[in-house]
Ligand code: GLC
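The data below hold one chain only, encoded as structure tokens and taken in the form predicted alone.
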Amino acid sequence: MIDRSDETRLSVLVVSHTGELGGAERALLRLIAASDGGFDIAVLTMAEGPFVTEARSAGIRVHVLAGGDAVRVTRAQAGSLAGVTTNALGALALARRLRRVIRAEAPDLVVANSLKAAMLVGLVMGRRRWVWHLHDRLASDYLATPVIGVLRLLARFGSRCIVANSRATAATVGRLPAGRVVVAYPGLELSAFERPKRSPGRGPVGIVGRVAPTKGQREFVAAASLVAPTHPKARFRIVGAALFDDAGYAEALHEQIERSRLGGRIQEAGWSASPASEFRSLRMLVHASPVPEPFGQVIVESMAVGTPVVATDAGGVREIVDPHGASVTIADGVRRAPHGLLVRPNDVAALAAAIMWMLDHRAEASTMAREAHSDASARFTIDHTWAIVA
């Protein structure tokens, strides 16, 4: 991304709008941990939170520039031009404060690690040396069309380079000059791939991740209700908590579970400080996002420990589960890929059929999990990610 022809230690300031610890923030922490001694990397966030705590515990220098309402744009606001416009004045004021910090730090490179951070950095930096690490698809299933237009203009005329977390994400930024977009899959530490399970085991069928409409917990519960009558020993587990503006969704999910008549067979486990142990304990991981996922870190984390995967057939997920397009249809809306089952998005019946296939085909599930582990350990290490972005 920047010229390392000399031997000086290069300074990098990574800007994120949030103090929460979501997928993009976890990926950033792993990337910084993998960096070599030639970089001095600091982080600037616009809110306190678990991300700041984790970063400081890892010895990372962190600035907190309180953003207040200027960075508290909800998903509903992000989906409308009016919602974004009402936030504009606060964002301009915050950009001025950000400019002062950047001038004081005088980094060799500025990296924006989120959509909101990119818009603020773009206001401050113009065409100067900054990189956009893009973790979100610029698509109408997440953002309003005018907002997408603004972000694509920023991609074309703002950052010097875009690092996208998948080819699916890269495809949403619009047409850019050759070489402006680089794909770097979020990687895991080598230790994550050690000691994979020998078989799926007899644990619960689980979904892991932030509790939110885009993650599909409600679709998971609906599918579990279809699976339960024919598989009376099957148990189900939901791991994760609501962040940002998703408390209402979490309440609706809890009410749905209460109405599901699954009794004690479905567990709301809440947030986990040890995701790897959660993936290892599951009989299979279900990824149920009703909209295309930019990447799908939970899928790679599950593959790393040898747990079979059922995942929605859209976005960056295909690049993980079916990298060579070798899948075959085994049921309506369900395809068997080399590294798991792919399911038509937002199709509860297809999701239930895929779960039941995995439960009924233990040997085949074990084979897919072994092959998935082997592939993931070759393609999704953090050292490989660092080699691309550095």
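Given the structure is predicted, the values throughout are model-derived calculations rather than measurements. The first residue of the sequence shown is number 1, and the count goes up from there.
Absent from the display: the form predicted together with alpha-D-glucopyranose. The rest refers to it.
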Mind checking whether each of G206, E219 and V348 has a heavy atom within 4.5 Å of alpha-D-glucopyranose in the model of the complex? no
Heavy atoms within 4.5 Å of alpha-D-glucopyranose in the model of the complex: which stretch in 256-264, 273-281, 288-296, 191-199 meets that? 288-296
Which of A365, A337, L44, A27 has a heavy atom within 4.5 Å of alpha-D-glucopyranose in the model of the complex? A27
Exactly one of G306, G240, G315, P186 has a non-hydrogen atom within 4.5 Å of alpha-D-glucopyranose in the model of the complex; which residue is it? P186
Contact of H135 with alpha-D-glucopyranose in the model of the complex (heavy atom, 4.5 Å): yes
With heavy atoms only and a cut-off of 4.5 Å, decide whether N165 touches alpha-D-glucopyranose in the model of the complex. yes
